Structure formats: structure tokens, C-alpha cells
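In the block that follows, a single chain appears as C-alpha cells, in the form predicted on its own.
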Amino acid sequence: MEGLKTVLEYTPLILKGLGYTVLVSAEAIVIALIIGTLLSVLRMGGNSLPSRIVKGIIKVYISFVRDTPVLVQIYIIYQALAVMGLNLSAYVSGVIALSLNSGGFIAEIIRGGLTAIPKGQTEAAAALGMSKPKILARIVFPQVFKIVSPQLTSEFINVIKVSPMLSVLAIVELTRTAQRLITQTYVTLPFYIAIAVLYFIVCAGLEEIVKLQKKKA
């Protein structure tokens, strides 16, 4: 009971940490969406040598993102930005790291959505004189995002689950907040249970949204 009382005393700080978690995750997923969309467009290039080189680089990037630990990627991005002379805050570096990680997964999600669009639609639009950018913006991507919206929501959940990794950069999100409070109060398990419940509530809520989206699809 004493542990619960301590957790309740620090509820405002815990909720503030939760707010940072949601904010970091939301910013990362928006940037990742831009990255993933751009990569998917570049992968639609022709068979010229430059296009094949670009596609090869994107393939390597996606494979690297999918097959290496997120924590390692966070360290690499943080150190790489410093080496490049970009004195960015840990917060910005963390958002960039999560965005680059999630962008690789979103690129694959969007690629799957693109394969579901009948080629006849784009061919008909091209026959009517529409440019490729207009075809993508007005015909292809509106349908793609509708198709893959459940997967994109699931990816947002994954970003939230991965966000505790940013505590290694001293970003005061939910997990880092709990770690600080544990150091101050010497109360361990109740704080970890509290943040686990908060992660569960947020992610379970988003999972319900995914289920609703799948039912409507």
C-alpha cells in the first residue's frame, strides 16, 4: 500500500512522462510516414542504372532497419549526427532515430498497399494525359493509405513500444520518468507496474482502433 501511495503522489510526473512518450511517438510516425512514402515512390522507378542503384540502396536500408536492434540504431544515429557537427538535442536525435527505423517498416507497408492497386487505373489515368505525380497524389496514394491504415496504426503502436529505448539518451519519456522516481523514492515494482498499465492502456486503445478499421475495410 505504501508503494501505491508513493506512485499516486507522483502521478502528475508520470502522466507528463506519458505525454512525452506519445508526443515523441507521434512526431516520429509522421516523419516516418513521409520517409516511407518517399522510399516507396523511389522504388517505383524504372530499370535504368540510376534507378536500380537507388532501389538497391533502399533495399539495404530497409534490411538494416529490420535486422538490427533498435537500440543500436539509436546509438548510431545519435553519434553520427554529432560526428557530422549537428549539435541537436537528445530529443531531436531520438525522434530522428525512431523515424528512420519506422520509415523502413512503413516503406514495406506502403509497397504492399501499392500492389493492391489495379494497374488499369494508373494506365487509364496516364492515357487521359495525367502526369505521374498527379496519378500518385489523386488516384494511387488515397487508396493505398485507406488500405494500409490498420497496418500504419499497428506501426504506431510499435513505435510507442520501442520509445522506452530513448531513455538511453536521457529523454524523459515515461520509462525514464519512472527510473528517476525509483532513484528518488527507492520504490521499484509499483512504478514499473504503473507505467506498464499506462503503456497497456494506450496500446490496447490503438489496437481497438485497428480492429475497427479492419471491420470497416
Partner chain sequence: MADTQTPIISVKNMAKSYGELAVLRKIDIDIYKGQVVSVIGPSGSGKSTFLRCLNYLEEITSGEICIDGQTIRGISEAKENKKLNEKAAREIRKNVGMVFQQFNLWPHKTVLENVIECPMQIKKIKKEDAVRTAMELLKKVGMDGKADAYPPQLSGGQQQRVAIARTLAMNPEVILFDEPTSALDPEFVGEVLDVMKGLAKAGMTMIVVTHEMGFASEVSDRVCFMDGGYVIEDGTPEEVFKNPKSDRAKQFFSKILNV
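Numbering follows the first chain given and starts at 1. Predicted, not measured: the structure shown is a model, and the values here were computed from it.
In what follows, reference is made to the form predicted together with the partner chain, a form of this protein that is not presented.
- Note on the interface: of 67 to 75, 80 to 88, 98 to 106, 141 to 149, the segment with non-hydrogen atoms within 4.5 angstroms of the partner chain in the predicted bound form is 141 to 149.
- At the 4.5 Å threshold, heavy atoms of Q121 reach the partner chain in the predicted bound form.
- Put simply, L114 is far from the partner chain in the predicted bound form: not one heavy atom of it is within 4.5 Å.
- Proximity of A125 to the partner chain in the predicted bound form falls within the 4.5 Å heavy atom cutoff.
- Among heavy atoms of M130, some come within 4.5 Å of the partner chain in the predicted bound form.
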